[in-house]
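Quick setup: one chain, the form predicted alone, written in structure tokens, and binding and motion questions come after.
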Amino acid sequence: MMYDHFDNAVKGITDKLNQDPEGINARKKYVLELSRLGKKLYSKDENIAWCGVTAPFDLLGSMGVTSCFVEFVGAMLSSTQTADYFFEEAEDSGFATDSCAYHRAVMGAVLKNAMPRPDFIIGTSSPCTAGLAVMENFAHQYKKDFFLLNVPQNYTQDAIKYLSAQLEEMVRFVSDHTKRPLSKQKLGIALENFNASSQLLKEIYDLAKTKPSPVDNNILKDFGTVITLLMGTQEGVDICQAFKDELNHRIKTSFNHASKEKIRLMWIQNRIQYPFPINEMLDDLGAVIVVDELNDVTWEPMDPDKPFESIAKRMISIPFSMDASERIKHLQDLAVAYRIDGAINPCHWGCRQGTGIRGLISKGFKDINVPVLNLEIDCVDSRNLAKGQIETRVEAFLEMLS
């Protein structure tokens, strides 16, 4: 089912791009590469690793491993409105209905044999223990070896050294399973691509800060989270260049949704994955999501001479690897840099990390005089959607801001 979904997506998007060969179409090119990745994951000709969100995908790619974080599939199932079938399977098997729906959907897919069988599994303690538990369940269901990267929550030399040693051990683990050693040359190319993508990301996000912003409510949706799957590749560099070109084009031609910008918003953590017309609602009220929480470059350039140390620093620097106070400071800095008027926090049901910190986030924004709307919503399971209530609260919040 999912292979056919990704295969059809590749064919459909390719046809549309061929009809407009001179167009920039950054989002289409981005979705095309993600669909190609999905197709590879569901083929039987790849070394497959299912991973946690903060796994080093560039390092794995340099070793010939096709890898992805499992929440990507949960989001795909939700966006294609096929998740309910898998939710029911997971819940009937004993997985709690108040657990994270990203993980519940994927666990249901595992139980229904709808996920590709991995060669091995690499879990990460960041961003959440629920994701780690799902990784452990995967290993049990598939009877595959499991490797854990324990990501420290403090950016110190000891923490960097500790994680660097784990990454070196992970390389030995992967080599044992693929029967291929790490190629320093291929890793160097991957890190070079990662650095090129990172520089382009900085430029993209600087363009998004423009007032009015060239972004609309969809173009950079969940971008900072998912683009990491491609950043060690030339395709990742090309995608980032396409986004930079499109935002520059929008600014130059004044052809962008944000020319009607009245309210500048930040979106915290996850966007809503299933079809729900919140973007259209924001459009009608002149509100633009100019920044998502993870649309930021928080790491230093990768040093090819110190690859494991560089990757460790990057993994620890990601906001979801930080402790609460550092994450809130990061949000405050973004709020100032993007000159936002307010923030929306979806408080995703079942997310202990996201929902559990909502009070501290609200206080952090209050300290810099930025209002926050906390929405009680499941970003993946549409069965829990109180549509009218959400629309009423969003509308009232935007009216208050304006």
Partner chain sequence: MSKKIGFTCAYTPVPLIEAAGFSPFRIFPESKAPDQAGHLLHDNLCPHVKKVLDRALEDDLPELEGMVFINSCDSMRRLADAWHEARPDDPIVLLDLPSGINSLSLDFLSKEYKRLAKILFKWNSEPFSIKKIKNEVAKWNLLAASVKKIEDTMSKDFFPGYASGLQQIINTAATDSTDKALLMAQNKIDPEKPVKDGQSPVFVFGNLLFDPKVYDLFEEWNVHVTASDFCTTSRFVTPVDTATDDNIFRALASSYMEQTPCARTMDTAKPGDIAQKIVQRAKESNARGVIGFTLKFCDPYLARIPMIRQALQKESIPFLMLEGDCTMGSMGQQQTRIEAFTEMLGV
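Because the structure is predicted, anything quoted here is derived from the model rather than measured. Residue numbers count along the first chain shown, from 1.
Separately, the form predicted together with the partner chain exists; it is not shown, and the next lines address it.
- Residue contact check for E376: one or more of its heavy atoms lie within 4.5 Å of the partner chain in the predicted complex.
- Contact check for A159: a non-hydrogen atom falls within 4.5 Å of the partner chain in the predicted complex.
- Put simply, A114 is far from the partner chain in the predicted complex: not one heavy atom of it is within 4.5 Å.
- Shown alone here, A49 lies farther than 4.5 Å from the partner chain in the predicted complex, counting heavy atoms only.
- Only one segment in the set 278-286, 205-213, 94-102, 294-302 has residues whose heavy atoms sit within 4.5 Å of the partner chain in the predicted complex; it is 94-102.
- Contact annotation for the candidate site: E136, H140 and G350 all lie close to the partner chain in the predicted complex (heavy atom within 4.5 Å).
- In summary, among the residues A130, I263, L182, I251, the only one with a non-hydrogen atom within 4.5 Å of the partner chain in the predicted complex is A130.
- Just one of P118, P152, G224, P307 comes within 4.5 Å of the partner chain in the predicted complex, counting any heavy atom, and that one is P152.
- Shown here without the partner chain, the chain has S321, M322, D323, A324 in 301-325 lying with a heavy atom within 4.5 Å of that partner in the predicted complex.
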